[in-house]
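Form predicted alone, single chain, as structure tokens, below.
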């Protein structure tokens, strides 16, 4: 979740580190800090709050040097305070450490250190790493790091400075992403390629249990026994850097307006031959893996596979899958969905699945992510960089490409006729245009948001594929606006949820399937006659007989495809509800973009 960056070279380390942290702040914005080797000492500046606080402190007390490490934090242990901010130093500032991940045995290590007279100053799990390296140091920094890392349990990426080596940077990876970058007489470490792309011509993606020793012109990789490892650099291509989104005042709004292009470019680049090889494999179970919005995109696939191909699909929230009894094996195909490709629970679930012999098809937006490297095949979503915490264009592209996979499966196994396949593909190709039509209704959706912003609670309701859209809408609204929101199948209203439908409560209904229009109309009436207010997002063919306080008409599409269209309306509603309530839409409280801890 946190972002780490390291620099060594000819330039001003502070400037390079702050520039990197600007690109990484979406990974955590509870606090930030840097440590710089000044030539004689390791000097730290760190502040709770947004990166702007650190910039202010550095303007008053500039730090100069050619080697340093930086960190932007999403808190897991300890509140967001100056003391709990990274970097952490050992006694007398001999070593400085930044950490992304979680040390699960930190309490045992803390007791071990205290018994040897070490005084810990923070409430974090990370501080113990600096002291452990210091304790094991006998003249060789690499040896001390390797010994300390072998004591650590959990997941981590580390950036480390030693006061004994002025222009040397160390990095460690175990189950958390870490990249080495090379520029002109300068080198970098970073959690995410976006933090260093501007400066690097070549990059290398570290494997687990790797330690690197980095100077301005050379990087050496080792295992934990100090044996040298090969390190393969590749050109930092445009695809790795990702397309930047035109900015319209906030990242979230800008990225919603990018949905049509993201869908269009993702479908245009669909690797039909490669996916076909996977789909023709010897399996009899298809299972989905994902978290949050990626999981909801998977539910769209599950519904489409049932409705179009007549095939059941098992859906797995990755964190829950890890606690279940193992039943998957060689005859299971897993489809793992993750925007960043670094989602910790999803990666752990994929590793478990592959250990059991399952094949894995990944849907991802990062070409060289851990997930892309683990999977047997990867389908890229061509969304460019997504900087807002809330997934918008990435969710829409994931859902669209999963629908394409559904159609290819149905075609391969004769679940649909050639004519049906042609018609489905034509309609899929129109989704970008239809989402553009929704975006043109932005003003009307903003008006709906004005009503919802003062709600005591909001319930998102739908049937079939509309329930998939309702779940994603509820997540968007709660994460960016902090309005209490839950999603339910409309038919479940009478089984408990109707008790909550009173004055001050709103229900947001999704109605895109004309076959279910009368059922949806009845559900809307059940809500309204109890005093709650109803807002309906309805396809033109499915709006008949529905009476509500407000109704927005959406373009018609195949019902199984409808969440791709209706979710854009929900994204815009969530955005405007958050703006009206005075929330930071791009950086919601307590959340981070890339969830790299379990």
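Numbering follows the first chain given and starts at 1. Note that the structure is predicted; figures quoted are calculated from it, not measured.
Just so you know, the form predicted together with a small molecule exists too; it's not on screen, but the next bit is about it.
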Partner-contacting position among 176, 303, 490, 339 - heavy atom within 4.5 Å of the small molecule in the model of the complex: 339
Which residue, 390, 96, 133, 448, has a heavy atom that falls within 4.5 Å of the small molecule in the model of the complex? 390
Would you point out which of 284-292, 412-420, 516-524, 121-129 contains residues with a non-hydrogen atom within 4.5 Å of the small molecule in the model of the complex? 284-292
Distance check, residue 264 to the small molecule in the model of the complex, heavy atom within 4.5 Å: no
According to a 4.5 angstroms non-hydrogen atom cut-off, is residue 146 in contact with the small molecule in the model of the complex? no
4.5 Å heavy atom contact, residue 476 to the small molecule in the model of the complex: yes
Does the small molecule get within 4.5 angstroms of any non-hydrogen atom of residue 343 in the model of the complex? yes
